[in-house]
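In the block that follows, a single chain appears as structure tokens, in the form predicted on its own.
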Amino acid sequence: MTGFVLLPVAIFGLISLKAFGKIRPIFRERGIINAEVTGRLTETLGGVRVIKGFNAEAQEIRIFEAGVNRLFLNVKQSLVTTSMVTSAATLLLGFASAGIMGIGGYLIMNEELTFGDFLAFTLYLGFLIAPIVQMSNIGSQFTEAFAGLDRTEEILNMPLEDEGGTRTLKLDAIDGHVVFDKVSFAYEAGKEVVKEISFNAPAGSVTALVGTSGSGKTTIAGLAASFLNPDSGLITVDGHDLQTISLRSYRSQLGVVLQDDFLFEGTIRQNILFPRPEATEEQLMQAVQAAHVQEFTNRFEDGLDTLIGERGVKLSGGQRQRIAIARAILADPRILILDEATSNLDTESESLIQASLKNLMQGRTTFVIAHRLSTIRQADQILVIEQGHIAEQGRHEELLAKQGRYYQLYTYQARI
């Protein structure tokens, strides 16, 4: 009778291994679908004004419905497979019970087994079967958990930026002398965005990058900020290869103001204090005044403690950018990167911010990306970037005198 019981249990074990092996990829896919659906939903809620402005509600509903339907089909597939395992367990154990009753009854009738022994065996059989049935019920939960662990393991196994043992040099302080030596970079193999760029940015100088959209200006700034690593060539900071410098020590002396700078949900004060939470109230107010943030916070009931909502949704574009500039001023960096830092400001605000930025850039190595050429007249050098190359290089007056590409861009904007 024991042998008869072990046979269906072994068959059930094989079925379970096959079934749970099939379910695991389904659960792994569910995590991916969940991420896509919730990510799209978050984007939709964040861009609800754009959706309403273009009357695209129906389109977004269709996209969301398609994602939810994929999720439903995935859940349905996993439930069907799990149900099959549970049904198989019940069926096989039912066969085992029926067989035991038949064999036990036959032995009792032949007086080879007493009724008490049969009752005891049946009781022991119940103790054996109960955990097996429970295993079939919780097996899917274990499989889902392991699929989640697979996704977590993928993230944990991603290499860190500092990993590899190459970025070991720690700099307590830097002067900010940056040199690009035949630097090339491509986002996709064979399609170089930056092509053997070479230039020298002395400590405390201002280097302006101008050119048409897509020419590679932001990529050069990203390379200088170590957000990207060059495919070939060398970038040095104070004579040290940037790829050997610890990112923590380098970025602690780096400040960035982007065109669409990111603000965190919270108060204006918290966003400005982000790079230096330990800064004093006096240092905070100096940054606020330098960026002319107080001009609009004074109108708010809570002042600097005003909540700005997710990504600063309660503020105008110019107000958000002034907070970003104040944040960079408070960081007191040695290397400063300004990517269209005044693009969202009106003429009056821009003139105020330009004065603040002029003070901020003093003594700091600064890279300025600007489409408004009037904002970079005082730069120590201007690099005109065209299709990943430096087409022209020099000061404002020198480039105008050449009457080349910079002259064309400048005169075209002057006519506008």
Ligand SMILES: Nc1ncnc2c1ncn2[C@@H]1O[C@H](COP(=O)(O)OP(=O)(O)O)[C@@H](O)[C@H]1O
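Not measured: the values here are computed from a predicted model. The first residue of the shown sequence is 1; numbering continues from there.
A second form of this protein, the form predicted in complex with the ligand, is not displayed here; the remarks below concern that form.
Shown without its partner, this chain lists T280, N298, T212, S87 as candidates; in the predicted bound form, only T212 has a non-hydrogen atom within 4.5 angstroms of the ligand. A single residue from the set Q319, N271, S78, T218 has any heavy atom within 4.5 angstroms of the ligand in the predicted bound form; that residue is T218.
With the partner omitted here, the stretch from 96 to 104, 123 to 131, 218 to 226, 322 to 330 that lies within 4.5 Å of the ligand by heavy atoms in the predicted bound form is 218 to 226.
At least one heavy atom of V193 is located within 4.5 Å of the ligand in the predicted bound form. Although the partner is absent here, E111 is not a contact residue: none of its heavy atoms lies within 4.5 angstroms of the ligand in the predicted bound form.
Heavy atoms of Y187 reach within 4.5 Å of the ligand in the predicted bound form, making it an interface residue.
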